[in-house]
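First, one chain by itself: the form predicted on its own, in structure tokens.
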Amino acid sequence: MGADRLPTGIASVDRLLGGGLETDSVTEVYGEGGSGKTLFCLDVAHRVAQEGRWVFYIDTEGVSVDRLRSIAGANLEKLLKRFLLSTPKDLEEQTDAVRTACALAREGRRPVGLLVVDSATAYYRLSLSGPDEDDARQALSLEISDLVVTAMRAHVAVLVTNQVWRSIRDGTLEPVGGSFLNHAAKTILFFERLPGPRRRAILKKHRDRPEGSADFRITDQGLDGGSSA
């Protein structure tokens, strides 16, 4: 039996995903800075909060309140009442924030609809090629494992964003975090920058959907993926 879907509200992306984000697994979104990853997270979070469900949002990138206000409009204060926002300042705080959010989602006292980590690898990346690299790798692995278990047990959509590095071998953009993160995520989307406000979501991995792509645009009110028809 297929997993339930959480519609993102971005029509083209929902068609690509067969209805939206799966609610029993981790979805990874990676891409260059400015490709729309955070806006995507905020758009989905806005939709979930509007429907009266809670959003646990772990922000290592610095969520723009102005951008969130442009999406929510006059509903910003009401929306924030359904947000549990954490802004860790290092990898240790991020691990604690993930642990807390996962525990709250699993206990079931709140109707949780979405758990976001944006970006999951920002602090991890700072530890690469340093004396703390092994500890950072273990911390990231434990975080991702906790997120996977939470998605499966609490039937909540988990959305993580990831940074990229450019392969010296062939110049392609690859997600940070190695094979563990890519294996743990059952859905992987690559966001590609196109000219102007245009962006493209490329489906790299999915349990039951074929590879493909969906175009959308960045607007003052969020992301626009065209008509749902």
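Note that residue numbering follows the sequence shown and begins at 1. Predicted model only: the values in this text are computed from it and were never measured.
This next part talks about the form predicted together with a small molecule, which is not shown.
- Highlighted residues 18, 205 and 210: none comes within 4.5 Å of the small molecule in the predicted bound form, counting any heavy atom.
- When contacts are judged by a 4.5 Å heavy atom cut-off, residue 47 does not count as touching the small molecule in the predicted bound form.
- Using a 4.5 Å cutoff between non-hydrogen atoms, residue 184 does not count as a contact of the small molecule in the predicted bound form.
- Though the partner is left out of this view, residue 67 does reach within 4.5 Å of the small molecule in the predicted bound form, counting heavy atoms only.
- By the criterion of a heavy atom within 4.5 Å, residue 38 is counted among the residues contacting the small molecule in the predicted bound form.
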